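The chain below stands alone, shown as structure tokens; this is the form predicted on its own.
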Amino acid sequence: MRTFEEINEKIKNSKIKVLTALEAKNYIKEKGINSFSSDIDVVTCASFEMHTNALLYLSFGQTDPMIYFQEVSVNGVPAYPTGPTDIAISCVSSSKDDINYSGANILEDLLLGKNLHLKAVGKHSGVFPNREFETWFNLKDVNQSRLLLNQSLNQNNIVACNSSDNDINSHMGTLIGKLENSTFNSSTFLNPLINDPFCKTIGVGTSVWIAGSRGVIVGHGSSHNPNQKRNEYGIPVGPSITLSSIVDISSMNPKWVKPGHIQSFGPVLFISVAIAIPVLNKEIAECLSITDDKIHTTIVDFSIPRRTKPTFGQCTYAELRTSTVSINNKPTLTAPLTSMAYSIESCNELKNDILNKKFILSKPTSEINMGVELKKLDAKLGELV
């Protein structure tokens, strides 16, 4: 048995024993779960996945004369006033002038130290008389800069395919007709929520490494569905737990932030997220032994553009990693939207931060809500008349 306090004391005294998730699986395979649980204190897990639920928050100083933002854009990307000179930018919003430039590009440009163009229209007010304002700024000119990832971690995802005769451009990429290809978005056995499937060590207040900066989990995220069906190993067979995190971007490393654009869907953000899982007891150690052959996901047919879609059963990520999976008795090429190389490297980055005493674990202040029912959005106009 270990405690968070004991583990943090080991970090401070340079006595901590840390493995990445990949190293942990190999250690357990070679030496067994008993040796692992007694010898190893912390395992670092990570994902470098595609995100579509990210919001960039920037707080500027006041102009002279003063202004209260009513309409704002940054490099042509619409921003949303949240105060006199505070704005929020969706990372999946495109520039009015260039659909390939988005809020995700703004985040990357800020981290690269580039100058960005701010254009604002002010409200008509005696206290805030400034009606128009325009300037160039960079990250050093901003008072606060934070990123909200409302799905910073997804416990699992689906495999997307297309049984129709025509190709489909989806948020999961281009799906070729007649089941010619499939895609998936998961770091599988490296994912923190796969290695801690019931959030025994992860909760509100847990420290999280996001693109080199220290953030914090603020609660469950969008599309949180803890009631998802699970396999015999306790792993959900589709989208389940999601976590929301907030982080200061001023100390982020641009290496771990990549804007993307998917045809007919729009902008997306790829970003590294990592968590250190403490090996508090043997139960947690056993969860950390999970491998891709024990992680199942559901194959979903995108040919029907409805909320409920047909499925072609399940497969393991071990099958998906072979680049070919059988769908409806047909060998189908499959490709990840996640970078496993970056996910592994992110695990190593967090491991090194812990060994160098730059990252201390934090005990959750409260548990993740596991009793939430995922609500649907249905038309109710008739009921209001």
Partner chain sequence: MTKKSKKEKKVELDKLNESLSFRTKRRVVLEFPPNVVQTPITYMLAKEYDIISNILRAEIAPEESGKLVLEMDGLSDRLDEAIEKIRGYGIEVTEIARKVAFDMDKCMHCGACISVCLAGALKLDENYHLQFIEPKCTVCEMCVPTCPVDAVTIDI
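Just so you know, these numbers come straight off a predicted model, no measurement behind them. Residue numbers count along the first chain shown, from 1.
The discussion below concerns the form predicted together with the partner chain, not included here.
Checked against the partner chain in the predicted complex, the candidates T206, T183, S93, N154 yield a single residue with a heavy atom inside 4.5 Å, and that residue is T183. Residue in contact with the partner chain in the predicted complex (any heavy atom within 4.5 Å), chosen from Q263, T135, T311, N166: Q263. Residues within 4.5 angstroms of the partner chain in the predicted complex, judged by any non-hydrogen atom, belong to 332-340 and to none of the other stretches in 64-72, 332-340, 51-59, 356-364. Shown here without its partner, the chain carries Y27, F36 and K200, none of which come within 4.5 Å of the partner chain in the predicted complex through any heavy atom. For G122, no non-hydrogen atom is located within 4.5 Å of the partner chain in the predicted complex, even though that partner is not displayed. Contact between P259 and the partner chain in the predicted complex is found at the 4.5 Å heavy atom cutoff. The closest non-hydrogen atom of F270 lies within 4.5 Å of the partner chain in the predicted complex.
At a distance threshold of 4.5 angstroms between non-hydrogen atoms, I344 is in contact with the partner chain in the predicted complex.
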